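Below you'll find only one chain, the form predicted alone, shown as structure tokens.
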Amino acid sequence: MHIPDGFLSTPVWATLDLAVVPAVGYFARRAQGLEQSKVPLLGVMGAFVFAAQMINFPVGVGTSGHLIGAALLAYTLGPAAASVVLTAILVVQALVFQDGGTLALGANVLNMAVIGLLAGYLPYQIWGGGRWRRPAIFLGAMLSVMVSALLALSELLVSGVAMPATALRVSIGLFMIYGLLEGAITVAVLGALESMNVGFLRVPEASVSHRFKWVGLAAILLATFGALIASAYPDGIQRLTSEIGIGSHGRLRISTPLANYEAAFFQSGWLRKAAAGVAGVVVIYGVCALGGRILGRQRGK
């Protein structure tokens, strides 16, 4: 789902880079006044979503996908804090792991952490308090993927990328499957979270518990062993650009020792992935927890 550099035209990525700054700034202001007791939850949930995003699962022949986690974060943290956390994840992924372009960062943040996240939260906001709660969670998670995907495809089209109708239809179909899996995973994860802490979604004040250390442990385990089960197939955007013959247009603007989620200084393929994953979990936890502390300190100002 991450758009690399080299696919969006300069007017498109520049406009989106400018547009995303006030959008994320707005959410950061809305998240001010965060209870300090909830700060660790931002770090834990950010680390978990980052680790889960490292595990690609098959969504069709020769195509894979991974959890985006926008809806999951919105349901657990609220949309404002969730947008800030997912933005932090996307920034770290682009700058540290070269996952998604640096110039295209505004597009990726806007697609997934702003518009896609809000689209995913809407069904839960409307129907999440009654008997339609589980369907609302499922629908919201699916919608977050579909909206993010359609925005990415639209940005490629506006940038002048020619897409045959057949390839476009196949891509949309694959993104629908991707969305269904996102919905199922989100329902399952939230069910597990609520089993650890009854009322987790309904009573945010009760959501911070020592039992959520298990979520942090799950993040470390996913980052460490996820590479053993992850699909090696490209994701939907990568497959589409390869099919229409522009896959080689992707460019890397920076070079880092953890590019492609691999610690280059290890010999073992699994150890390279595991070390990079654990490092990412630690960095994401630190960035999100620090961001939460800063937002919490704004409460009385």
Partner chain sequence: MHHVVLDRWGCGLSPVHRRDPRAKMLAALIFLVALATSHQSYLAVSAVYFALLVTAIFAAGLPPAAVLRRAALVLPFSLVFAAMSVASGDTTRAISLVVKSYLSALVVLVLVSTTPLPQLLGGLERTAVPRFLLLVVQFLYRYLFVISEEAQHMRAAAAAKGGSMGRVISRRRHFGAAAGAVGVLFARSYARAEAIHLAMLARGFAGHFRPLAKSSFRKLDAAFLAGAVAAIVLLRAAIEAWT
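As the structure is a computational prediction, the values presented were derived from the model and not from experiment. Positions refer to the first chain, counted from 1.
This protein has a second form, the form predicted in complex with the partner chain, left out of what is shown; the following refers to that one.
140 to 148, 110 to 118, 125 to 133, 183 to 191: which one contacts the partner chain in the model of the complex at 4.5 Å, heavy atom to heavy atom? Looking at the other structure, the answer is 183 to 191.
When the contact criterion is heavy atoms within 4.5 Å, does residue 12 count as touching the partner chain in the model of the complex? No.
Indicate whether residue 16 is a 4.5 Å heavy atom neighbour of the partner chain in the model of the complex. Outside the cut-off, so no.
Find out whether any non-hydrogen atom of residue 92 is located within 4.5 angstroms of the partner chain in the model of the complex, and reply yes or no. So residue 92 counts as contacting the partner chain.
Please determine whether residue 163 contacts the partner chain in the model of the complex, using a 4.5 Å cut-off between heavy atoms. Yes.
With the partner chain taken in the model of the complex, which residues across 18 to 54 come within 4.5 angstroms through any non-hydrogen atom? Heavy-atom contacts within 4.5 Å come from 24, 25, 28, 31, 32, 34, 35, 36, 37, 38, 39, 40, 41, 42, 43, 44, 45, 46, 47, 48, 50, 51, 52, 54.
Given a CA distance change of at least 3 Å, are residue 36 and residue 25 closer or farther in the model of the complex? Those two alpha carbons end up closer in the model of the complex.
Cα-Cα trend for residue 91 and residue 55, given that in the model of the complex the distance shifts by 3 Å or more: Those two alpha carbons end up farther apart in the model of the complex.
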